[in-house]
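A lone chain, given as structure tokens: the form predicted alone.
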């Protein structure tokens, strides 16, 4: 049975999720549909890329991932189908794919198919599902359009190591309001080693001096730093909402400072 995942900014209040699922089951009756999330903030491709990047590798190869975030096509941002790492991806080339992948995908196709309606506001239903159906039939991207050499690129800020400081930033805030930074465990270990350090954020008003192994390592209501399952440094409050209570938002600075 083919697996199709859905990631979108549609929410669950309206008809959008149901309409896409209805279209899938009509065209691909034996499909297994998996909702990754529909709670991405409208048009937030950075948060969407974080979720997809940390979700898709856990699915079987051959899975088709439909990305319904900021899907309107233009001359600059075309609809594309991608084959990468044994998975198929369908969405809009608006920068999200360049954030999901660490390298240029094996195959990129600019979609050129005739949709079944003359309305162009809901490509996830009217284009992407049709593309998924064809991929399942052919087990390839053949016949979907013309090959593209690259992706529309959008760059995230990378952590910078300078003068005894890892200068990082917030890239995602999850449902629990845990604050995920772009500082990886690899960068942290390579730079900090066994030296004492301070993690500072929010105009240097808050300081954390150790890495916890789990959220429960501190008392409820206390702040902590931990490396989450995705391998990024997180700032959290045990059983609390760190983002709100600490006043941190996406793109805010988080620095790791070596104490000499």
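Here the structure is a predicted model, which is why all the values come from computation and not from measurement. Residue numbers count along the first chain shown, from 1.
Another form exists, predicted together with a further copy of the same chain; not displayed. Remarks below refer to it.
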Requested in this report: Look at the candidate spot formed by 105, 152 and 254 and say whether a further copy of the same chain comes within 4.5 Å of a heavy atom in all three of them in the model of the complex.
Outcome: no
Query raised in the report: When a further copy of the same chain is placed as it is in the model of the complex, which of 120 to 128, 97 to 105, 137 to 145, 152 to 160 ends up with heavy atoms within 4.5 Å of it?
Result: 120 to 128
Query raised in the report: residue 171 near a further copy of the same chain in the model of the complex, any heavy atom under 4.5 Å?
Result: no
Query raised in the report: Looking in the model of the complex, any heavy atom of residue 227 within 4.5 Å of a further copy of the same chain?
Result: yes
**Report entry** Any non-hydrogen atom of residue 239 within 4.5 angstroms of a further copy of the same chain in the model of the complex
**Finding:** yes
Report task. Please run the contact check for residue 206 against a further copy of the same chain in the model of the complex: heavy atoms, 4.5 angstroms, yes or no? Result -> no
Requested in this report: At a 4.5 angstroms cut-off on non-hydrogen atoms, which residues of 47 to 64 are near a further copy of the same chain in the model of the complex? List them in order.
Outcome: 50, 51, 54, 55, 58, 59, 60
